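Only one chain is given next, in structure tokens, and it is the form predicted alone.
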């Protein structure tokens, strides 16, 4: 009975299989980006950038309706534009990057909702804000898979300077000029993966499969390689369990996936061996000299 409940949705329905492959691709591409955002103390920057793509996606919707490629292209342009504008404002004014991104986040969210509301219905607005992972077609799946593959390839190329910048950006600046280009490429990968997540989870939840698995991984390991493995596994498990939960209940698939990830996060917060509450309250005995 339990086995049927866990596996029959994917055996019987093609849309469930597409959704499962989609969330696995999101886990492979987005979870490593989330870990690096966490290590660079930029998790809230990821949330702000998630809303920055909304006006571009909304303009794509205004022009072509719920067209995958129009909304994806618009989201990419909007995300890159906000990242560049935030960098220019931070460099040329006294505002810090977090304050600048917070301002752009609010402007982008309001503008995107207004644009969608001009032409669309409340259902269209909900689709843009929260996505619909169960409605992914073959073209959407190919875009998500391509972006995830691109992310992994680019991370492999810039991995060493990227990790060094996470640990000691001043050292990287002293020994190499790669810091600024690597930072810009990393921001581009953040935007690409947020647009990726937007296809399935909408702009409000797209950052969820990036940040929550990274937080889960942080409570289980301090080694970056292990953190990446745990984050990808947690994101994939959250996607699978969320789809099963959604299939058997009335909870929408996108929120169900994020709620499962949140449950894993709180379990890790309590029982994680690398800084969890249990390990702090009852530390393992150490050898005494």
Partner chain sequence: MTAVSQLTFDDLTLGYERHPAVHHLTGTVEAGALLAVIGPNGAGKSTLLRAIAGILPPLAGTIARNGLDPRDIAYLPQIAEIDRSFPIPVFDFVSTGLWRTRGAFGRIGEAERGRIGHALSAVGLNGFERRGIGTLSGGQTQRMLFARMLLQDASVIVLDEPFNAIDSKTVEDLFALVAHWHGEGRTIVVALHDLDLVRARFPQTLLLARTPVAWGATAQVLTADNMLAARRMCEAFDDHAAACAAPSRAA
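Residue numbers count along the first chain shown, from 1. As the structure is a prediction and not an experimental result, all values here were calculated from the model.
Keep in mind that the form predicted in complex with the partner chain is missing from the display, and what follows is about it.
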| query | finding |
| --- | --- |
| Non-hydrogen atom contact residue 181 with the partner chain in the predicted bound form at 4.5 angstroms | no |
| is_contact(residue 135, the partner chain) in the predicted bound form, heavy atom dist at most 4.5 Å | no |
| Partner contact for residue 146 in the predicted bound form: the partner chain, 4.5 angstroms, heavy atom | no |
| Exercise: residue 106 in contact with the partner chain in the predicted bound form, heavy atom 4.5 Å | no |
| Among the candidates 33, 227, 264, 256, the residue which, in the predicted bound form, approaches the partner chain to within 4.5 Å (heavy atoms) | 227 |
| Proximity to the partner chain in the predicted bound form, single hit among 85, 110, 99, 167 (heavy atom within 4.5 Å) | 167 |
| Partner-facing stretch of 152-160, 136-144, 194-202, 207-215, counted where any non-hydrogen atom is within 4.5 angstroms of the partner chain in the predicted bound form | 152-160 |
| Site test, 12, 127 and 245 vs the partner chain in the predicted bound form, non-hydrogen atom cutoff 4.5 Å | no |
| Stretch 176-208: residues contacting the partner chain in the predicted bound form, 4.5 Å heavy atom cut-off | 176, 177 |
